[in-house]
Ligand code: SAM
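Just one chain follows, in the form predicted on its own, and it is written as structure tokens.
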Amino acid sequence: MERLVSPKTTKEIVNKYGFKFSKSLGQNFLIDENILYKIVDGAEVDKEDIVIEVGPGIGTLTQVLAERAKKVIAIEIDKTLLPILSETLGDQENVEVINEDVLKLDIHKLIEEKCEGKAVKVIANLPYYVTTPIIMKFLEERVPLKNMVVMIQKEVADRMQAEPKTKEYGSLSVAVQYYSEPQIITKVPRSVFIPQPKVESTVIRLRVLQEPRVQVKDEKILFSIVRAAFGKRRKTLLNALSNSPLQVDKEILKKVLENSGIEGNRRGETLTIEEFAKIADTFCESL
């Protein structure tokens, strides 16, 4: 079959099946071959790789992944796309389409049963409304990953790779960088999709770390502190933590910050991941 990525082929398939784009599912199909290959090349896919693709759509990216990878597991939530995928990927013996909601899937079980239990690569053009939940599911559940290459909203990608002391830096930056090394591959204009989204996109690669960037006594405490610190960005660290769900006396928090070597009048966006880890561990010791 000819490349699905061409605007002409995409429109023909959509019209043939009477497919209706779902705004609730954030469906936008890629029609630019250059961007397509930047995604696949960015993930460094080769014949040894097993790839999990989230949201294959009509199979545009899946088609190229199947040529490069050992196997592709495509997870598609929309049942109306299944007949289309049967046609567009019918001759690809190394592709398996699963009609499931990825957020409800047991990914570890999936990898054990269908991916030989080996580390996989995750590649996806993610709907904007579930970008963060899907990415954090794979990272937080410690799924065996080599890397993730995803196309997401530009604003979210900027936050993921943001450094301290910038306006984009926040709890998402800390969470993603705790588990991985983010790197932007390319920016993507709205014009390369059918239908065109309202925002610009970015392809970002997350190289998943073998171990988290910092070691902490309690990850839940760490991320509770991170969320509290960024929950009220204009407040000082001491005040932000004092008015958080941590429910700890302000005097105790003063002591925790003092013992961590962190000044209470700093703001969350100035702290590195290592500094957040120091506060979390000192907090644990004070309990």
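Numbering starts at 1 and runs along the sequence shown. Remember, it's a predicted structure, so these values are computed and weren't measured experimentally.
Same protein, other form: the form predicted together with this ligand, not shown, and the subject of what follows.
- Of the stretches 229-237, 25-33, 257-265, 243-251, only 25-33 has residues with a heavy atom within 4.5 Å of this ligand in the model of the complex.
- The partner is absent here, but in the model of the complex a heavy atom of 81, alone among 81, 95, 149, 175, sits within 4.5 Å of this ligand.
- Of the residues given (163, 112, 101, 140), 101 alone sits with a heavy atom within 4.5 Å of this ligand in the model of the complex.
- Using a 4.5 angstroms limit between non-hydrogen atoms, residue 184 is distant from this ligand in the model of the complex.
- In the model of the complex, at least one heavy atom of residue 126 sits within 4.5 Å of this ligand.
- Proximity of residue 64 to this ligand in the model of the complex falls outside the 4.5 Å heavy atom cutoff.
- In the model of the complex, residue 53 approaches this ligand with a heavy atom inside 4.5 Å.
- Taking a 4.5 Å heavy atom cutoff to this ligand in the model of the complex, none of the residues in 146-172 make contact.
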